[in-house]
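Heads up, the chain below is alone and in the form predicted on its own; it's given as structure tokens.
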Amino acid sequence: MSITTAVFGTLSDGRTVTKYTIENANGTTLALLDYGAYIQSICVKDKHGIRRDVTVGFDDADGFEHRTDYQGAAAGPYANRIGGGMFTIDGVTYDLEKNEKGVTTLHGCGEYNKTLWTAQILGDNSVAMRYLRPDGLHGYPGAINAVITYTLTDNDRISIKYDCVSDKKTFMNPTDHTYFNLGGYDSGDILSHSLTLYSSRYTPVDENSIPTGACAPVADTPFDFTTTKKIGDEIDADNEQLRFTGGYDHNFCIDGADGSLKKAAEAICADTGIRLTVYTTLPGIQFYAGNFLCGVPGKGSLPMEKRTGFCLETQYYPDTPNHPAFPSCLFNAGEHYTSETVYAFDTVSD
């Protein structure tokens, strides 16, 4: 195992962005940026022994600063959406910035992914990213000391551990927003990927992608991935939920979630044989099929077109602060939010 560092570029204000690359004995690499705590690349061998970068994103700092759609981002302090851009804690209503259509708050207004984090190398296979957010930024209460630790093992598992603590009672729900394409970032759309989600329920949304408060069964709907199927099989079905979001962009309720590490999803690209299995301690996972990618140039100057990457964002449910029946992510002052997500890679034969 080894960790190397290199200058990745500079931000518009002149600050330097550093890339940290962890490599294991198999030649698998995980590249991280201190800007935005982005996962810049994950390179793994396919069934033919060819190394492929299976993440969609950018090869330059300018892309991550100015052209990003959260490709590989650390999203927080509250990932996903908060309806109406507000919530109430102990009778006090907090009015947040509404950075999506002027109606909702999305991914903490891009706070975590627009921050230059402090990186710390831990041994020969881990990097910790640290950020102390100020109280009140974008309307969120609490100065939060956030630490995200990324570890690559020799069996091609990437562990992402979160440890966040606030000086005020607040909601915390960070996630990783990596876009995957297991054929490689340059291989076209992801519609032929096979997907399994270990979720028998999902949270339907309204026209603004805000959960209605229901946890509906996936059975007999296009949202049923309990039996493996291709992402493209029903993505354009005549279904109101799919019309609201232009395809899959929904939270799935992980079966048996109890705070221990559970298998949440499995995706396979038949062409490369690369399999991604996602484990998490969290109760939900957002499956997003890249419906709003719109041709912005990315790695190799190739345009990132619609559905050329998919996300599996582990999380508490979207808009949890406004749905008391959802699993709570409200933490008292001094109480630690902790979670772990694991991306495990291997290959399968035909």
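Only a predicted model underlies this, so the values are computations on that prediction, with no experimental measurement involved. Residue positions are given as counts along the sequence shown, with the first one as 1.
Below, we refer to the form predicted in complex with a small molecule, which is not included among the displayed structures.
Q: Could you work out which of Asp249, Glu111, Glu234, Asp189 is the residue within 4.5 angstroms of the small molecule in the predicted complex, going by heavy atoms?
A: In short, Asp249.
Q: Between the options Ser199, Thr170, Asn80, Asn181, which residue brings a heavy atom to within 4.5 Å of the small molecule in the predicted complex?
A: Partner contact (heavy atom, 4.5 Å) among the options: Asn80.
Q: At 4.5 Å between heavy atoms, is Glu313 in contact with the small molecule in the predicted complex?
A: Contact check for Glu313: yes, within 4.5 Å of the small molecule in the predicted complex.
Q: Could you tell me if Leu106 has a non-hydrogen atom within 4.5 Å of the small molecule in the predicted complex?
A: So Leu106 counts as contacting the small molecule.
Q: Considering non-hydrogen atoms and a 4.5 Å limit, does the small molecule approach Tyr70 in the predicted complex?
A: Tyr70 belongs to the contact set for the small molecule.
Q: Taking the shortest heavy atom distance, is Ser41 within 4.5 Å of the small molecule in the predicted complex?
A: Answer no; every heavy atom of Ser41 is more than 4.5 Å from the small molecule in the predicted complex.
Q: Counting only non-hydrogen atoms, choose the one of 49-57, 284-292, 32-40, 297-305 that falls within 4.5 Å of the small molecule in the predicted complex.
A: Contact criterion met by 284-292 only.
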